[in-house]
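The chain below stands alone and is given in structure tokens; this is the form predicted alone.
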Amino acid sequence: MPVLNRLCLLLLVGAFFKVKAQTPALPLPSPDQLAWHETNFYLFLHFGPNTFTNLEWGHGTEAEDLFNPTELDCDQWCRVAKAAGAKGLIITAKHHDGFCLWPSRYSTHTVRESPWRNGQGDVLRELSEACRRHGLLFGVYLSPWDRNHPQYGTPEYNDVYASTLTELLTGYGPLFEVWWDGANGEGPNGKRQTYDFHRFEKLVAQHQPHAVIFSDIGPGCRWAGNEQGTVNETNWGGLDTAGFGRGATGPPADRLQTGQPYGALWIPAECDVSIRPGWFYHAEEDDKVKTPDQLWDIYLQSVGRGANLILNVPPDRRGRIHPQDSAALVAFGQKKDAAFAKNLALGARLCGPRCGFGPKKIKTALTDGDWSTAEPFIGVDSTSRLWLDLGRKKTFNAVELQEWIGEGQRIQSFRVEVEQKDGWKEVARSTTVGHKKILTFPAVKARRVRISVTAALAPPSLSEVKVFRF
């Protein structure tokens, strides 16, 4: 990734000067968070005893021999994920029922006690190896709540959880994300647990320093405040977490939805949603799978608003992704690929104020299709304009912008205009940009496009502009 203080082009009253970009007093992402932003979209896999009991939250008393997928095929999961365009998979290594999908040394409620693979199986081993074969990222969800473990609700349980977490952090190769929700109910002894999250965070930093931690308060990425897979149109990467915890003590939903422009920490939003009404597989929901069009709308309201999307796709009782889910995901992947197949702005001429469209133009790679290698366009103040000349009239109905967030998220609002015979016509407007903003509008035919930043916290910094016809 480019260094945060690299040389940038600064537009100043029609002349161009190369200067070192000033880092604003804004929250900044780490290199690992920048890499996380680029994953955009990945799958969630809720799998365990609930798959076989038809429950969403197991009781922790389920017999281990219930877990016996007859055709478990992690390569099939990966093939479907790749067809959908997902970059990785995150699995519920242990849900609230306490059942471990690996033979943990710190529990007797695991795959080791089940008949699956004659007690010699390890779902995490099979999935992590399949992910490596298919070039996908691998992550884990490990519920702190445990309705089975006899030490839950005692100080000793934090030792147990730290040990089980360490097994995952050290036994399955690189993890790109560790996922924590805030559930904290009663255990077998009727007591609740006080979780030592600071200790758990240190273990992740020690053993998986490049993994991003998800929770209500991060520290790597935050819950978007709902389970619909969407984030607010105004979406800042910053968040203040002082005084907040995970679960019931987390920040209010509206703050999670929008973030905070001057939040103390960079904790970007991740949007979670299930392809079905439930999170675990239920046969009665086979005809309730979200359609490709519904998935596309969710994508535009999550990834298209600067967040990441984690889409839950629960394996069925065979241990395979059901044909209904698979068909929807493949069709969604095809729809997404077709939408972004041709960037109409690729190689377009760029210009700033008073430059016109003569021989002078901004010499950046703003329209080269790669946001991470270009020197970004940086406006002189908080109300800067950028013109694109597409070379000839083209028909389009979508624009994608990306900020160079490595130096902070700056844009508060902007509008998109096209040049027509009777002058410039506004076709879309929005608020924040962040890592990515995708705007759609009724199709127009034009040669010249103007991006006008109408408010910003600091001189706006764009790293990529794309134009599409969806």
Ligand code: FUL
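Small disclaimer: the values here were computed from a predicted structure and weren't measured. For every residue, the number given is its place in the sequence shown, counted from 1.
Separately, the form predicted in complex with the named molecule exists; it is not shown, and the next lines address it.
Scanning Y141, Y172, W296, Y195 against the named molecule in the predicted complex with a 4.5 Å heavy atom cut-off leaves one residue, Y141.
This chain appears without its partner; in the predicted complex, the one residue of D272, D97, E177, D325 with a heavy atom within 4.5 Å of the named molecule is D272. Only one listed stretch (179-187, 126-134, 71-79, 199-207) carries heavy atoms within 4.5 Å of the named molecule in the predicted complex, and that stretch is 179-187. Taken together, H46, E227 and W279 are fully in contact with the named molecule in the predicted complex: each brings a heavy atom within 4.5 Å.
Of the heavy atoms in F441, none are within 4.5 Å of the named molecule in the predicted complex. The named molecule is not drawn, but in the predicted complex it has a heavy atom within 4.5 Å of W57.
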